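Just the one chain here, the form predicted alone, laid out as structure tokens.
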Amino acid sequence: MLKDEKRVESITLSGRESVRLANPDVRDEFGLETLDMNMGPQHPAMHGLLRLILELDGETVVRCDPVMGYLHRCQEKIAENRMYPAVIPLTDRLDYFANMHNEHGYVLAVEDLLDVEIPPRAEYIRVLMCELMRLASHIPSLGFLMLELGAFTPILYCFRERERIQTIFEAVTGARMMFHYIRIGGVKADLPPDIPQKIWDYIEGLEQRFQSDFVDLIQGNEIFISRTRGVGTMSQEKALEMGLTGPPLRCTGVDFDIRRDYPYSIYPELEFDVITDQAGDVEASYRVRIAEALQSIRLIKQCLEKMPEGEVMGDLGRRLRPAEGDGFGRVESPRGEFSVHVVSDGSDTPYRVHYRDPSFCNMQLLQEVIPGHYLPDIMPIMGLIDPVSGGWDK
């Protein structure tokens, strides 16, 4: 190839044509050079295996094309070859910071196909476990955000709390991450006799530590404010247009939460507030997650106080064969709406299973919000989304 020949590589990413010119003399409309750079897929600060193709004008990002698929495991296809209860362990491996919510969403979809009554105690245990799971996700997400900004201490406090919650999960389910605890018709087993008091003691201790460890230590810090305020800002209209969900949506002021707007389980019997903010930036997402963690503490206490006695598993046969039809379940996971669509053909295995994971939906934000920001702002914006690679690559 001659020295002065131009080589053009065209790749289609995210529905748009991206043209990369391998010529050092290419300049933009202002006469300045731009540079294409890969961030990831193996990057120490990245939330899993994600590749960002960035076009840079100095330190300013001109274009951001996220490339996903490095962790794709064909979860939905594999589910078609398993009996209905055997799909539950697969859901644990989707968003591995929201295992209980994944299980809950799937079993709600299957129970929508079945005529089964869920024991009230099982419903309370489900919500109790899911709200503990929300704490075990929201609190570390704050630590990851601070770590990406250069602060190391908060993540130690955050994972201290997660470890204590995982110890509770281990006592209840026998596992620390992949639980297979929420079952079709109820839950695997009742709570051990000493666990309700241990959960209560832990939650009261967390309440006492929460202000000093996760608010006073972070909120108001000049470096934190300068790195998060006004970074990743988006309007309500843009958030709705992109189909965002969870804290990234609520931090723009959109008052939407599946637990209230499409109530399921025993959430209608419990009191809690849907947290919103108006700024729509990284700092606002931090405030939303802080307040939602406090609401989870409030919900956990109500579950422990109101939990009835009784069975924890409905009357189901040993082999499930739902009638032909569609089942749908949706829950409010730590990252937003997690929905499951199950199609039955009358056999003991699903005909189709589809997951709508919030991490995948919220990743659209990168392409729209990152351009115009500096390169170091990318990781705080990732903290706004708080994605999990097992969710966007299912």
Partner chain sequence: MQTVLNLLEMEPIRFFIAFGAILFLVLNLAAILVMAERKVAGYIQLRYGPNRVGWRGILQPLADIIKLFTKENVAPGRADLWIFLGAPIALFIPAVLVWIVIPFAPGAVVADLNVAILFFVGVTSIGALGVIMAGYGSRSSFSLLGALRGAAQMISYEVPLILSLLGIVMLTGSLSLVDVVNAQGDTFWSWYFLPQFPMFIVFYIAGLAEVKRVPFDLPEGESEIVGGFMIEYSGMTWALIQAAEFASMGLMSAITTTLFLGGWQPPLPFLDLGQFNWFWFGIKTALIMFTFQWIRWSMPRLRMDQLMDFGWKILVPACLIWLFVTAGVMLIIPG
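Please read all numbers here as calculations on a predicted model, not as lab measurements. Positions refer to the first chain, counted from 1.
Below, we refer to the form predicted together with the partner chain, which is not included among the displayed structures.
Although the partner is absent from this view, residue 265 stays clear of the partner chain in the predicted bound form, with no non-hydrogen atom inside 4.5 angstroms. Interface membership of residue 371, defined by any non-hydrogen atom within 4.5 Å of the partner chain in the predicted bound form, is ruled out. A residue is said to contact a partner when one of its heavy atoms sits within 4.5 Å of a partner heavy atom; residue 227 meets this definition for the partner chain in the predicted bound form. The partner chain in the predicted bound form comes within 4.5 Å of no heavy atom belonging to residue 167.
In terms of contact with the partner chain in the predicted bound form, the residue from 312, 206, 147, 293 that brings a heavy atom within 4.5 Å is 147.
This chain appears without its partner; in the predicted bound form, the one residue of 113, 284, 231, 135 with a heavy atom within 4.5 Å of the partner chain is 231. Of the candidate stretches 118 to 126, 101 to 109, 293 to 301, 149 to 157, only 149 to 157 has residues whose heavy atoms lie within 4.5 Å of the partner chain in the predicted bound form. Taking the partner from elsewhere, every residue among 37, 58 and 379 has a non-hydrogen atom within 4.5 angstroms of the partner chain in the predicted bound form. The partner is not shown here, but in the predicted bound form the stretch 210 to 225 reaches within 4.5 angstroms of the partner chain through a heavy atom at 221, 223, 224.
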